[in-house]
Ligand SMILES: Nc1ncnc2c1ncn2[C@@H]1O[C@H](COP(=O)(O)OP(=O)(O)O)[C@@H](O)[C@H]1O
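First, one chain by itself in structure tokens, the form predicted alone.
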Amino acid sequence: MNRENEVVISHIRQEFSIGDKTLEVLKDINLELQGGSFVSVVGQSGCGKSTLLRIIAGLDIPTGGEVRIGGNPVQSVSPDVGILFQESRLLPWYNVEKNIAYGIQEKKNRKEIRDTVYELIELVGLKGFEKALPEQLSGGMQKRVAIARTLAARPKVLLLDEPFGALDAFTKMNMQEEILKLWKKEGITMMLVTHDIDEAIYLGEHVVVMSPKPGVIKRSFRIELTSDRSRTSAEFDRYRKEIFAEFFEDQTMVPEYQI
């Protein structure tokens, strides 16, 4: 276990003021991510999933509690933490090379930048598209560029905020495969928030279910699948039904959820 990549979330509470009222978004969130692990967080809209990611990334300051990465408290944005949003957010006037290099230009010399960019282009399967502009790429290829750009800073932790939500079903599954390969190769601690239960099970070693108003952790599942992680297996279907049931207080009324 890599302690440098370990994420410890302790008693996180987040409140927002709306007029003369206070809205409690997160309540006493406690979660530990071992170094190099992959944790998926699922929950209904408004349960605070994305707010939690922003706190881990240092984009928001919590009302109470703290997050530590590698034993150090998160107090601001850090290159140790990368975040991948649903939108690729590429610069349209920059080609693939320049988009990947954006953000590390002041931290490395030209040779280091070039070596890093071409290593990542190879890693995400974009060789031959180095000079292409974003408008010349498919949605999946744009997402690969965004992933490579995030990895260029060599983060210890990668946060995924529904990164594949805008992609078609087949491209989405391909990108999930790519993320798994990157995770296994790079050893980065990853945390995904998603509405997609199948995606959460397929990618995560653990699936954390959150409930809203205020956002709390309702239950955590340890995912143990065979090496092929088949979405049609009996064990996958069992996890799917158990996690889906957590969204309903009366489990006798859970609708069928099958592929």
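On a predicted model such as this, the values are computed, not experimentally measured, just so you know. We number the residues from 1 along the sequence you see.
Heads up, the form predicted in complex with this ligand isn't pictured, but that's what we're talking about next.
Participant: Under a 4.5 angstroms heavy atom criterion, identify the one residue in 220, 30, 45, 233 near this ligand in the predicted bound form.
Facilitator: Answer to the contact question: 45.
Participant: Among 18, 25 and 50, does every residue place a heavy atom within 4.5 Å of this ligand in the predicted bound form?
Facilitator: The answer is yes: all three residues contact the partner (heavy atom, 4.5 Å cut-off).
Participant: Picking from 50-58, 30-38, 198-206, 66-74, which part of the chain touches this ligand in the predicted bound form when contact means heavy atoms within 4.5 Å?
Facilitator: Within 4.5 Å of the partner lies stretch 50-58.
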